[in-house]
Every structure is written in structure tokens, then in C-alpha cells.
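Heads up, the chain below is alone and in the form predicted on its own; it's given as C-alpha cells.
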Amino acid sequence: MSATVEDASTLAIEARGLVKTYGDLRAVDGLDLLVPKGIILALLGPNGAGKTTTVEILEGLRQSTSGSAKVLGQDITRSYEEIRQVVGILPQDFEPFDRLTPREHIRYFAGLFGRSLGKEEMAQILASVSLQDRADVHARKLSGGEKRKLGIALALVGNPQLVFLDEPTTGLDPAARRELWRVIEELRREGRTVVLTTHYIEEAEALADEVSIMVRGKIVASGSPASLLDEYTDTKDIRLVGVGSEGLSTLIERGLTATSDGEDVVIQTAATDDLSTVLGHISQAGLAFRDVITERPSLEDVFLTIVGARIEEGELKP
């Protein structure tokens, strides 16, 4: 998500100097955020970072103290009604009506947009979130994952270009979470822009084209998962499977930085080191092993590095 993007027509969101205060608390502190159209942006941050406040400002549900923001080219302070027609929202605390079915929910919410859905469009919305076989089941009988799918379906009723999903998979089991990932990926394939707030870093790594990390109301790092890994990690690990403890001492004697992990040995190298050079050292040592695995740091490592640095600087309490 490059801050050099200048053509406003390519942006789904353009926020500059956004501030939200509550007394002495600056929940959002001079935030700049540019989101190109057609991507999934994951907004990450520790509790209290200001993610939900930021999203609510961009949704037009909360007024900023200062700064400016445009959504799909419209000023959020002047064009709220127009924006609501092209934006879909799944709030973190969404709960459906127990005694309404998914089909009845969708029909009711369509009415709020002044729309009357035909059979084909209704079927399309239900299919987009894989609820076509549960369309006529009361919501109280839906699983947690199915309820979140219903929430996304309601966010799609107005056929939005931009969809905000606030912690959409919180509390779901791993299988339900991954099924919801498929639904979210489908939104991007349809050409929609998705802003996703999440506590699950592996979710951001799996889904997001761009990631923005928030700390104390500010964006402190932005980029694709790959570019953040390149910027904030300078090592990679090479795991020798089954080499044993004798191999560890041999590698250390040859000047390699290595540690034992059960029957494996992990060699730490610079990210720019040539794998063949390291393997050459291993070959010369005459070690026997079952496999070689290259392990790079994850986005979680990047997140912890950034947030940890802020703790050390006194910006966050550990």
C-alpha cells in the first residue's frame, strides 16, 4: 500500500492526518491510510491500537476530531448517505435475529436499502457465502461460522464496492475459520475491496494483499506480507532433520551458528546467504540427515518485532 499513490480514482480509501480523541486519549493519532481498489487490506495491532475506531470513522459511524478521509472518492463527513449505498459492514459484535432465517434476514436488510431482491439475486447472495442449503433454517440453529457467513451476506445486500469486516472469524474453530477465508477471498475475486481487522496474524498472512500495523493510533508499518518480511527480518533458518547432537558440535566447530531442536539442528543464516554455500559446509562435514528445510520468519515474527520495539520505547505497556 504505497504512500506514493496519487491518482485518487485508484483508491478505495484515502485518509490523511486522521485524529480521534476522547478527552486526553488519542485513540487515532494522525493516521494516514491509502487503500487501492480491489485488494484485501488487513489492519493489525494489539488491543487498544485504534483499529475499530479507525474503521468506524471510515464507515461514517463515528466522527473524527480532525483530519480528512474519503471513501470511494466521497468525503465521509459530507456524503454519508451516498457512501452507505456502496459500502458493506460486518461489525465485530454482529448477532442475527434468532427467529429469522438467512433468506428472511437478507430480504429484510435489502428493504433497508430500498431494494427488492429477485429469486436469482437472492440465490446468488446465499451461494456467495455457502448458505444456500441453510437458507430456511432459523438463525438460532446456525453454527457460529454460519452466523458470520450470514453477517457477510447482509454486508453484500447493497452490492458494495468496499466491505469492512471487523474480526470476522473471532471465536470460530479452525475449520470454520478457513471456510470463511474462502468466502473473503471470493469477495476480492469479484473485484471488491476488503478491509479486514483481525487478531489472527496467520489470517492476515493468508488473505491480505497489504498489511498495515497499528500501534497507539498510528500506522507504524505497511506493505505486502512479503515486503514486510524483507524489511523487518534479516535471517533465515536451515533445519537439518535427524542430524542429532553430534552434528551440532561439528557445525559449531565449522563456525556456523546452530542450535539443537530434538533430533534436528537449526542453522541460523543471513537472509541473503546462498543456501548452496551453507549446504557445502554441511556436505564437507560428512553429516547424515533425513531432510533439509529452509524456514523464514513469519508475519507474526515481524509483528512481534515491531510491537516489541514500541514496548521498549515506552509507547506500549508489555
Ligand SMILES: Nc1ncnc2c1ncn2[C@@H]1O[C@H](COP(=O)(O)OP(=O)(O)OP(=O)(O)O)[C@@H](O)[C@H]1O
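Predicted, not measured: the structure shown is a model, and the values here were computed from it. All residue numbers are counted from 1 along the displayed sequence.
Although it is not shown, the form predicted together with the named molecule is what the next lines describe.
| task | Using the partner position in the predicted bound form, report whether Lys147 sits within 4.5 Å of the named molecule, counting heavy atoms only. | result | No, no contact at 4.5 Å.
| task | Check whether Ala258 has any heavy atom within 4.5 Å of a heavy atom of the named molecule in the predicted bound form, and answer yes or no. | result | Outside the cut-off, so no.
| task | Spell out, yes or no, whether the shortest heavy atom distance between Gly60 and the named molecule in the predicted bound form is within 4.5 Å. | result | It does not: once the named molecule is placed as it appears in the predicted bound form, Gly60 has no heavy atom within 4.5 Å of it.
| message | Whether Ala27 contacts the named molecule in the predicted bound form should be assessed with a 4.5 Å heavy atom distance threshold; does it? | response | The answer is yes: Ala27 has a heavy atom within 4.5 Å of the named molecule.
| Residue stretch of 39 to 47, 66 to 74, 288 to 296, 275 to 283 approaching the named molecule in the predicted bound form, non-hydrogen atom distance within 4.5 Å | Contact-bearing stretch, as computed: 39 to 47.
| Listed residue (Gln92, Gln161, Ser222, Gln124) with a non-hydrogen atom within 4.5 angstroms of the named molecule in the predicted bound form | Looking at the other structure, the residue within range turns out to be Gln92.
| field | Residues in 51 to 81 close to the named molecule in the predicted bound form, defined by a heavy atom within 4.5 Å, in order | value | Contacting residues: Lys51, Thr52, Thr53, Arg62.
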